[in-house]
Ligand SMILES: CC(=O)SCCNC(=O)CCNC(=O)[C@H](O)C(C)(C)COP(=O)(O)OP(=O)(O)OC[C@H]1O[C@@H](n2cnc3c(N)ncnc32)[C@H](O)[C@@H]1OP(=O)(O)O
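The chain below stands alone and is given in structure tokens; this is the form predicted on its own.
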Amino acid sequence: MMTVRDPRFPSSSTTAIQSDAAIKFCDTTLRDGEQAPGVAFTAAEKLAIAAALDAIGVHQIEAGIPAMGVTERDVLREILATDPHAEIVGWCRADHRDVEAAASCGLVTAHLTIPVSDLHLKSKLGRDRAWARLRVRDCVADATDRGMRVSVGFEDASRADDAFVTDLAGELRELGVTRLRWADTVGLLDPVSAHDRLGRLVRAVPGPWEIHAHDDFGLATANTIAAVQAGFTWVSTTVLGLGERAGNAPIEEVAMALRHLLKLPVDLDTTSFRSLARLVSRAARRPLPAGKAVVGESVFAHESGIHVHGILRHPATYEPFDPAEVGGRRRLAIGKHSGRASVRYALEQYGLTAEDDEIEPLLERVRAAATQHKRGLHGRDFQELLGRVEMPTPRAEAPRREEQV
């Protein structure tokens, strides 16, 4: 056993996690991700994204909502027909019609969702807790009678009464529900209180729990990590955090945080994260920010003189992990904040050298040009700054440790 501890929490509140047990990923890009305003995947895009998620080793793909209609059910059937390694699940309300729709697709796994906060039950549905308890129990029985594996999601659990959630969870475990999803539906959870709160839940109702965090306050990844520290063994994610409003916990952030911050095994092919991000970005018609954590084009780019100096000596000085681990590469940029080491290195890539007394004036010209052009400098820019008619071709051999200019 391994205990994952955070220095903010007393040792009495830590939870033991099997060090050899990888956290399981249920990716909901094709369901919650597509619910983002203005996002509508074609059938071909859904198939491509499902195949890419399956290829990286996602354990379960929440591939759509069967009750949406014939077109959605047809796509679900097509995904199932590819015989993926990942388990394919349909998202359903706690409604017998939704269960029937899921079964008609040939799905053998269904996720049923029921609101558990009084706010949702009363304001949205005009119902109470007794109704929710009866409704979800009946739908679970309906699905299991059809031979389906069933997980249940507690919508708006972060604003629900914990005692009610605990009691309902215990009842559903007894009915054979395979996994329970705790949803922070509008991102109100914070990672410090989450650790103790969710830890109590896991201890009260042992078994597989999944965290489904939203990013309304920018805490989806932090809350997901806190849930794992509390004993949750499944995480709900989307590629790039795509989802309703501010989105969900991004699969790329959660996976790398689990691996490098909690030192837990992650059995996903993280080297494909960059290509997966581009695929989903194109399909969603959402730009991929250059500074997006883990997969942005600029997250392994270095311009500051002191940073480049450190990187050239040892990449770990300014990188938390090797860019190749997520399908990226290191890039050393020349710009306003470059230093002498940066300029020397850039010149070397073109087979050029400069005397010591030439570096400082050249650096000043580099900074002035970068400020004027509002961008980094490249080979043609060096040609102009040096006053050379022709520039040598950059060295064909790739720079060591993937360093790029």
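Sequential numbering from 1, following the sequence displayed. On a predicted model such as this, the values are computed, not experimentally measured, just so you know.
Although not depicted, the form predicted in complex with the ligand is the subject of the following passage.
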message: Whether 65, 94 and 124 jointly form a contact site for the ligand in the model of the complex is the question; each needs a heavy atom within 4.5 Å.
response: yes
task: Using heavy atoms only and a 4.5 Å cut-off, determine which of 270, 238, 221, 185 is in contact with the ligand in the model of the complex.
output: 185
statement: Assert contact residue (the ligand, in the model of the complex, non-hydrogen atom within 4.5 Å, options 274, 135, 146, 173) equals 135
query: So which of 288 to 296, 114 to 122, 307 to 315, 161 to 169 is the stretch with heavy atoms within 4.5 Å of the ligand in the model of the complex?
result: 114 to 122
- request: Answer with yes or no whether residue 46 is in contact with the ligand in the model of the complex, where contact means some heavy atom within 4.5 Å.
  value: no
- request: Find out whether any non-hydrogen atom of residue 35 is located within 4.5 angstroms of the ligand in the model of the complex, and reply yes or no.
  value: yes
- prompt: in the model of the complex, does residue 215 have a heavy atom within 4.5 Å of the ligand?
  reply: no
message: With a cut-off of 4.5 Å between heavy atoms, is residue 155 one of the residues that contacts the ligand in the model of the complex?
response: yes
